[in-house]
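Shown here is one chain on its own, the form predicted alone, set out as structure tokens.
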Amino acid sequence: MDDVASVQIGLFEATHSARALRRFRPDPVPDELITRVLDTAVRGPSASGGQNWIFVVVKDPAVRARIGEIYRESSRVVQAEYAERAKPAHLGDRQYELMKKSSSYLFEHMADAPVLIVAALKLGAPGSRHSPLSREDEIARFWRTSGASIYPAIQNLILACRALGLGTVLTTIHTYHEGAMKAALGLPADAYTYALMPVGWPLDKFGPIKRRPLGEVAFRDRWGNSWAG
């Protein structure tokens, strides 16, 4: 933490070790590091070069507490889903229980992170009058593709945090109470939040990240023909 340059790492190490981290030390994160993280985020692509993203950095304890309340209330939906959801086949019992335990910790401790970053995107009216799709399908397409203008920036942010030794996790649970979140941050009506990210010096270790084998999720030329490169 005292010598940030010494902890910077390469891209491939970052992508293989930037796992979701939800517990943080109370130590403050210098603004200059957050600036570097944000500057890396906005190097990501955006549709038509619009760059209509908004990043709200929350350090004020009172605002963090309000966001913690919103997140806690939103978590009730996820807790109910956990009670009914079957364990994914590729996860072991211990791995699944640890994931749920880690997620549940954040339900009650979001406000404890020294920094919260909310990523939002300003959007115009959905749909295009030139689209060959029905109005319903065009609106569905609009919302499905809108994240392409913000999630690459968020991934850049995650990797920048990892390179600087900072922990974070991408969560969207707060969107069950989107109106309350927008009010807490004073966001304009045409802005929508896409991620809430606690940031801080982690109590837990980075990576390695475990994923399903490529042969199960990547294919050559068409689905069903497993990638074997």
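Numbers follow the displayed sequence, beginning with 1. The structure presented is a predicted model; accordingly, all values stated were derived computationally and were not measured.
There is another form of the same protein, the form predicted in complex with a further copy of the same chain; it is not shown, and what comes next is about it.
- Using a 4.5 angstroms heavy atom cutoff to a further copy of the same chain in the predicted bound form, all of 177, 186 and 218 count as contacting.
- Although the partner is absent from this view, residue 28 stays clear of a further copy of the same chain in the predicted bound form, with no non-hydrogen atom inside 4.5 angstroms.
- Within 4.5 Å of some heavy atom of a further copy of the same chain in the predicted bound form lies at least one heavy atom of residue 132.
- The closest non-hydrogen atom of residue 106 lies beyond 4.5 Å of a further copy of the same chain in the predicted bound form.
- a further copy of the same chain in the predicted bound form comes within 4.5 Å of no heavy atom belonging to residue 97.
- Scanning 19-44 for heavy atoms within 4.5 Å of a further copy of the same chain in the predicted bound form gives 31, 34, 35, 36, 38, 39, 40, 42, 43, 44 in sequence order.
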